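A lone chain, given as structure tokens: the form predicted alone.
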Amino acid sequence: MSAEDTPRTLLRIEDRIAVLTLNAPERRNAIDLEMVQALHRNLDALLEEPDLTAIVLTGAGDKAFAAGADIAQLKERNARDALASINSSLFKRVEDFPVPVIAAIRGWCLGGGCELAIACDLRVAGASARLGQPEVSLGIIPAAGATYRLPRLIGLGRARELVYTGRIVDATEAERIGLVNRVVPDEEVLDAALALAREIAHNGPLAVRLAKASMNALARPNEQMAMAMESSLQAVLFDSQDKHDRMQAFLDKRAKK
């Protein structure tokens, strides 16, 4: 089976817990349009599982949870695409999903991948995890939720530092600043996330769902306005020459490697 024929995601359910895997390891699980569409289909299917208690979201292979968006696709997106909120709409579905979603992170977790992880309720990271929002180096902003979710998670000052500099942090620092909940050896990441999911599953399922709904509502009174602001600002940047030049330089550098 060729890479083009490989399903972008894998889904299994066991003991009322779903394991949803981003399945493009040869692309470091880049979140391209096909991946977005596949994840929407998975979420649609999981909504039909009334006994579901949690979702563990992870990436195939040992190199990346998700190393960001597909830069070649991103380079071609324009203002209209930004206003369509392609990734941010998906990540909002993850954040709003009725049951807790736990990100199990190994390797690179950058850009859109990091935004997907912070849209999850909890994050378990392996020692190899590297997280960050390097979008400014490509002439754009993180516009799939990082500008409002990241400050809620780690505080405004630290969020500003990571977004303005594009700096990538290792697992130890990510745990120290609250970007991940816990760090375990790489080979234990999925098991640790599943153990956390099972701990949640022991509790009253309706109570957990309503606790999530309540905390989401109280934590984000202006989220719709924040989403609109992010998309509008990204629309300006998507049509900028600087964005085009920086992304082309990135692609050229990667091609040389």
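Source: prediction; values computed, not measured. Quick note: we count residues from 1 along the sequence shown, nothing fancier.
Below: the form predicted together with coenzyme A, not depicted.
Visitor: Report yes if any heavy atom of G68 sits within 4.5 Å of a heavy atom of coenzyme A in the predicted bound form; otherwise report no.
Guide: Contact with coenzyme A, yes.
Visitor: So in the predicted bound form, does any heavy atom of L138 sit within 4.5 Å of coenzyme A?
Guide: Because a heavy atom of L138 falls inside 4.5 Å of coenzyme A in the predicted bound form, the answer is yes.
Visitor: Taking any heavy atom pair closer than or equal to 4.5 Å as contact, tell me whether E48 reaches coenzyme A in the predicted bound form.
Guide: Although coenzyme A is absent here, E48 would stay clear of it in the predicted bound form, with no heavy atoms inside 4.5 Å.
Visitor: Check whether F97 has any heavy atom within 4.5 Å of a heavy atom of coenzyme A in the predicted bound form, and answer yes or no.
Guide: Answer no; every heavy atom of F97 is more than 4.5 Å from coenzyme A in the predicted bound form.
Visitor: Within 4.5 Å of coenzyme A in the predicted bound form: all of L122, L194 and R198, by heavy atom?
Guide: Contact check failed for every one of L122, L194 and R198.
Visitor: Of H40, R27, R209, R220, which one comes within 4.5 Å of coenzyme A in the predicted bound form, counting heavy atoms only?
Guide: Here the answer is residue option R27.
Visitor: Have a look at A174, A146, L110, A117 for me and say which one sits with a heavy atom within 4.5 Å of coenzyme A in the predicted bound form.
Guide: Filtering the options by heavy-atom distance leaves L110.
Visitor: Please pick out the stretch from 178-186, 88-96, 150-158, 69-77 that is in contact with coenzyme A in the predicted bound form, where contact means heavy atoms within 4.5 Å.
Guide: Result for this chain: 69-77.
Visitor: Can you list, in sequence order, the residues from 229-257 that come within 4.5 Å of coenzyme A in the predicted bound form, counting heavy atoms only?
Guide: F250, R254, K257 sit within 4.5 Å of the partner.
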